[in-house]
Every structure is written in C-alpha cells, then in structure tokens.
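Take a look at this single chain, the form predicted on its own, given in structure tokens.
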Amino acid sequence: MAKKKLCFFLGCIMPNRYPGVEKATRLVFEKLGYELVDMDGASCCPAPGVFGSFDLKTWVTIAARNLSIAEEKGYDILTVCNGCYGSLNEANHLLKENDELRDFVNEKLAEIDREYKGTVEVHHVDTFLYEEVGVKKIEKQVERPLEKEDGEPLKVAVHYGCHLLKPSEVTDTPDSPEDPHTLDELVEALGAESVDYKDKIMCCGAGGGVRSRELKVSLHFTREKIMNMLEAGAECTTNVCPFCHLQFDRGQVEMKEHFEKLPPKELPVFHYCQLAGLAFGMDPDELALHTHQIDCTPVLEKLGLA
C-alpha cells in the first residue's frame, strides 16, 4: 500500500538545535504509514507572536510563501512545533478569509513567480496523531511499552505550549485551551502515565520574545514548571514544540547560572516523537537522546534501555 504523504515543515529550532526530534518524527511517521516530504526552499515560519505583532503584512507574506511551497507539492503540511503551527495555520486562516490581504500577498509573491491558492491545510503533530492517526493505531505500534523494570508505567509530565491551543477559534485541536487532554492520551497510548501537576497549561517562559529579551524572567516560568512537575512525581517531561523543548532542556542548565534556589533534581526532556520512538522499539541513540543538555540516562535506565 502506498504511503500517505505530508509536507514536513522543519522550522528553525529543530534542524539547528535538536535534529534528533526531526529524525524521531521521520521514523515514527514512517512506521505509522506516512512519508514526510521535504519542503525545499522553506524559510522561517516566521515567528508568530513577535513578527506578526510588528508587521502583519510582512509576516503573512513570508508565511504564504511557505504555504505555496506545500501547495506546489500538493500535500498538507505537518509541523512538530507550536510556533510554526501557530504562524502557518493562522496565516492560512487569514488569507482564506480576507480577500484584500490575499490580493496584497499574491501581488508580492508574483514578484518571485509564486502564488498562494489556499489549497492545503496545516496540521500540528499532536492533533494529527490524535485525530487522523488515532490513539488505537498508536497503541498497536507499541513494541516496548514505557514501563519501568518493576512493571510500573513511566510517570510523564506533559507540556502543551501556547500556540497549539490558542487562539482556539483558529486552531484545529479538539482540546479546550483550559483543559486539554490529547497529549495526555497520546502519552498513555505508549504505556506511560501522564501525571497531573499545578499550572499545567502555563507557558514554558520562552514565547513572545521573552527568552531573547529577558532570559532570567523566562527562566522563572521554567523553574516553576519543573518544580511543579517534580512535585507531582514526574520522571520526565514531554512536549510537542522544539522551542518549548529548548526552554526546558537548555533552560535547566541556564537556571544554575541565574538562581540559587533550584529544583531538587534535573528532569529529562523528550519531544513526544522521541518517546513514541522508544515505545516503537527504536534505539535511544537513533533518536539522538544523547545530544540533549539534560541527561536522559536516568529514564533509559528505568526502562531497561541503558
């Protein structure tokens, strides 16, 4: 049977800082029966909050150029980053609804022999896996449930991130922005336990340019989230966004440089596709877990993989 195809939008953070997330996503989707097609010539999405707030027309034009690449290929877009999803999906929504804006964008794109037609949709990995693939199919692919050697499920704290859930009138997630459940269910489909914790839907701290402008302020958010996760008994955290991933992974190193009061221990960080890769029987090195700033070995040891 021919594999279904999706255009794979890489974004900036993943290929430059966490290529293991890209590798894991490609391997997981291949196992699920999908081929991820490269988007040759794609640029930054560009970043939705900051860029769009300063200059909406330039932001939407750059996003439309990316969308036109997928239209040329003839396949919907898959993103594994909340920011990329937020930018491309919202731009797609605006351009389909606003004739005047679409005309402006296409006038600019015509200068480089491109045109936005509105013929593709943008999918986030969380929503796509939950709605299009389905929890049951993911469960069937699990070869090595995320259970510790004592038979107990690995305790995982999920982080949704902001642009996946909001603005709710534009995102295609079935989740309530105040009480999401999709990522929790996807984690438990792998044999792990999703633990509830205080301020679960709070921002990681990185978004809106805060990490770039006020690193210490952004790390206050991160430190609080990590502490809340650990207090709930989490043995690792998982996310569906490389920027959130960077904030939790690199951020735990940076906290040591800025704060005296620190979480009682480090918390390993996984993108969901890396956790899925482990459950699907893939080797930890193949998923590039050794490249993370925070050592994933404690989790791998509990799973009998190290």
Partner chain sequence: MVEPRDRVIRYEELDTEFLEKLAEKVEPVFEEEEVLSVQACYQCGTCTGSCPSGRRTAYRTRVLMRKLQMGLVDEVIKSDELWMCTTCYTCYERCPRGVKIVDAIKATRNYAASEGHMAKAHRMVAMFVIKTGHAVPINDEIRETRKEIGLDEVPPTTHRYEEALEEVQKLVKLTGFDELIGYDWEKGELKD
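Positions refer to the first chain, counted from 1. Note that this is a predicted model, so its numbers are computed, not measured.
What follows is about the form predicted together with its partner chain, which we do not show.
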item	value
4.5 Å heavy atom contact with its partner chain in the predicted bound form for all of 23, 41 and 207	yes
Contacting member of 120, 195, 189, 162, with respect to its partner chain in the predicted bound form [4.5 Å, heavy atom]	162
Heavy atom within 4.5 Å of its partner chain in the predicted bound form - residue from 145, 233, 177, 134	177
Which of 147-155, 86-94, 121-129, 134-142 sits within 4.5 Å of its partner chain in the predicted bound form, heavy atom basis	86-94
Any non-hydrogen atom of residue 224 within 4.5 angstroms of its partner chain in the predicted bound form	yes
Interface membership of residue 295, its partner chain in the predicted bound form, 4.5 Å heavy atom rule	no
Heavy atom of residue 273 within 4.5 Å of its partner chain in the predicted bound form	no
Residue 74, heavy atom within 4.5 angstroms of its partner chain in the predicted bound form	no
Residues in 269-306 with any heavy atom within 4.5 Å of its partner chain in the predicted bound form	285, 286, 288, 290, 291
